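The data below hold one chain only, encoded as structure tokens and taken in the form predicted on its own.
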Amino acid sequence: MANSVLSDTAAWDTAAELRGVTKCFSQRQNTQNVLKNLFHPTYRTVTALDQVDLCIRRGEFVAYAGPNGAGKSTTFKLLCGMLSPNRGTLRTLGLDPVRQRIALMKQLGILFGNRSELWWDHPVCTSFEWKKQVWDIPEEVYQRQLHLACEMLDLKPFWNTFARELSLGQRMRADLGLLLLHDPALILLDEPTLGLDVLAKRQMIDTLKTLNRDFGATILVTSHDLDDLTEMAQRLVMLAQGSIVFDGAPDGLRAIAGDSRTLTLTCADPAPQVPGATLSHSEGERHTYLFDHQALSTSNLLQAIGQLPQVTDVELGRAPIEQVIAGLYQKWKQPAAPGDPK
């Protein structure tokens, strides 16, 4: 780790820390008056992050979730020094991301799902050799990390393939391999599973879990797929309108939202009414309902179903995490004040 002075409250094992961080943007507003737009433009202030406190310890695997515009990407850009906060203090690996950005980048790995470090018109191997030279990675570190990347990500089958000829899954694996070359202390991943097919997504998730579990990598990851996040991470941080609304184990979300469960009935008749349950959707003869298990016990539910005619099958299960979180967002959502993000 580069020599630096940590903030007076930052522990030696702190990977990232935000204290009261606020980030605002000035957004130009267009009106129907073209001349006014040209000579006297009007602006509004959009608050992307509002007094956020967040501490990530070394070795943690943290999922960072929220709807579009919640402030996830802004947080990443602050942590790597692309942006500076309007208010509050921020440290990444004990360094000031803006003033000590070069030193920080030697210890930080960043992957944006919609961007690539690969040289488009060159073989994959060329991009790896290029990074070794430009980043001045010691030979011992390079060989060790290259072996790790090739083994974990199975890069050899397309090692000499031009980047432009890779599938999306292959490109993401190659980009993750590039990210690992300098042995980063903190890995930031923005939508790493975006657009991947089932097999490619499975490999990406397994690789990240192995990096954290077996190699102690500190990982902060965002995704719109909450099932992916809850499978990967031990800790889930959720943003809504620029503020942290949940920080804890993924299972804790269900405790907040109630024990939401699903009931699926198969019957020839139109969807019947089930006391205490709400019809969610129907597909042919299959009708799915939602109910709160804390308010309606399974025995009482089955007793009510027994009174329904022509029910040929009954399935019970937990509500998908996406559905649980959607309900929480509605609960947390407040009317937007002027200048707040939509």
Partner chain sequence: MAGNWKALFRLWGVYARLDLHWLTQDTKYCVLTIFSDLLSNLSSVLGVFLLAVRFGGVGGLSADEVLFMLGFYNIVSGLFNLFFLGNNVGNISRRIGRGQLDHMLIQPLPLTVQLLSEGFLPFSGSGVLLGGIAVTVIAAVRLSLPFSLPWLGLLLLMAFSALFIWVGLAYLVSVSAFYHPAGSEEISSVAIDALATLGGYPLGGLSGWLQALLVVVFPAGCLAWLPAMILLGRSPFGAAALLPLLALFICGIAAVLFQKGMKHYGKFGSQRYRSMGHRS
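These figures come from a predicted structure and were not determined experimentally. Residue numbers count along the first chain shown, from 1.
Just so you know, the form predicted in complex with the partner chain exists too; it's not on screen, but the next bit is about it.
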| property | result |
| --- | --- |
| Among 119 to 127, 231 to 239, 264 to 272, 193 to 201, the region lying within 4.5 Å of the partner chain in the predicted complex by heavy atom distance | 119 to 127 |
| Proximity to the partner chain in the predicted complex, single hit among 87, 209, 144, 101 (heavy atom within 4.5 Å) | 101 |
| Touches the partner chain in the predicted complex: residue 135 (any heavy atom, 4.5 Å) | yes |
| Distance check, residue 149 to the partner chain in the predicted complex, heavy atom within 4.5 Å | no |
| Contact test in the predicted complex: residue 226 vs the partner chain, heavy atoms, 4.5 Å | no |
| 4.5 Å heavy atom contact, residue 115 and the partner chain in the predicted complex | yes |
| Triplet 277, 305 and 314 all within 4.5 Å of the partner chain in the predicted complex via a heavy atom | no |
| The partner chain in the predicted complex - contacting residues of 25 to 45, heavy atom within 4.5 Å | 25, 26 |
